[in-house]
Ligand SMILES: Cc1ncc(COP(=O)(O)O)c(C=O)c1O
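Quick heads-up: it's one chain on its own, the form predicted alone, in structure tokens.
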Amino acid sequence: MDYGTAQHLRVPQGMLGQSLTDLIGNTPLLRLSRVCPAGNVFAKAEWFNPGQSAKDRAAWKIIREAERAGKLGGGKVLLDSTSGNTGIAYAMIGAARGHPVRLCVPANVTPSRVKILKAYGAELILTDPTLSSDGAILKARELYRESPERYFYADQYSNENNWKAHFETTGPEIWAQSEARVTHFVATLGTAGTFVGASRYLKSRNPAIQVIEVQPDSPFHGLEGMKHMESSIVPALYDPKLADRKMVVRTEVAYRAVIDLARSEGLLCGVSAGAALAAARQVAEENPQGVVVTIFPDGGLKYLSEHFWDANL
């Protein structure tokens, strides 16, 4: 059989290859028809990013702008605190672009996240688990105060490039993918970058869109990556006046929603996606004619060690 020769292969100009960062963004918008049969509910599947979370967007914007400003490069260490996903994005992009990465991480993050961070070559400083992400923030600040010349302190909780990444990418994607029909936007809060950036963009296109923030219902919760604002160091990015509605979700409800997604939609998601689904489902039930869009920040493979799976596997 004649398969031809290599000279017959033609590659379109500009399509010979892509860089890792070219793959960030443009994630699919999935309709949740089985877990939300009563309404039009859609979710951005952010695990389609190369680092498998929404945090790739913010990390890449933060790193790119720091490089452009001359704040990162020449051996400077990227320093930040993280509960996992932003750290994975930093470590991945740092490895791809030659930047050393040092991260302060609560000691109780899932073992798989620690392994992923180490696999990318990041240096980890494990902090007091009882202080959650706040303890990691305080440790990163301490390290930067001691040696400011050594580090580029990315400071994801205060860096405006965090929310701007979502204003420039996530918001426009939702607007286009929903064909401008979105009526309600629901997002969980961690750094607040996703909610703030996407909400500001959507409001700029249609001020009537209702934007809804979602938090855990108590300071002591099991929703990794999410913040209970009243009991935490409030991110400088957070705009308390932006949300049209503020919702809280119990940990157990979010866990049950994660299982629902896996069993009914075939979507293996992280625990914050469960919280997002629980809130979006309620909004859809209250607004049956609406088009509700939410964010599923990451996939579920990093969470299979969580105890709530034990009784359901």
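The structure presented is a predicted model; accordingly, all values stated were derived computationally and were not measured. A residue's number is simply how far along the shown sequence it sits, counting from 1.
One more form of this protein, predicted in complex with this ligand, exists but is not displayed; see below.
Within this chain, Gly225 lines the site of this ligand in the model of the complex, having a heavy atom no more than 4.5 Å away. Of the heavy atoms in Ser133, none are within 4.5 Å of this ligand in the model of the complex. This ligand is not shown here, but in the model of the complex it comes within 4.5 Å of a heavy atom of Thr194. Contact check for Pro216: every heavy atom lies farther than 4.5 Å from this ligand in the model of the complex. Relative to this ligand in the model of the complex, residues Trp47, Thr170 and Leu277 are all farther than 4.5 Å at every heavy atom. Checking Cys104, Leu78, Leu189, Ile93 against this ligand in the model of the complex, a heavy atom within 4.5 Å turns up for just one residue: Leu189. Stretch-level contact check against this ligand in the model of the complex with heavy atoms at 4.5 Å: of 200-208, 81-89, 123-131, 174-182, the positive one is 81-89. Of the residues in 54-84, only Lys55 comes within 4.5 Å of this ligand in the model of the complex through at least one heavy atom.
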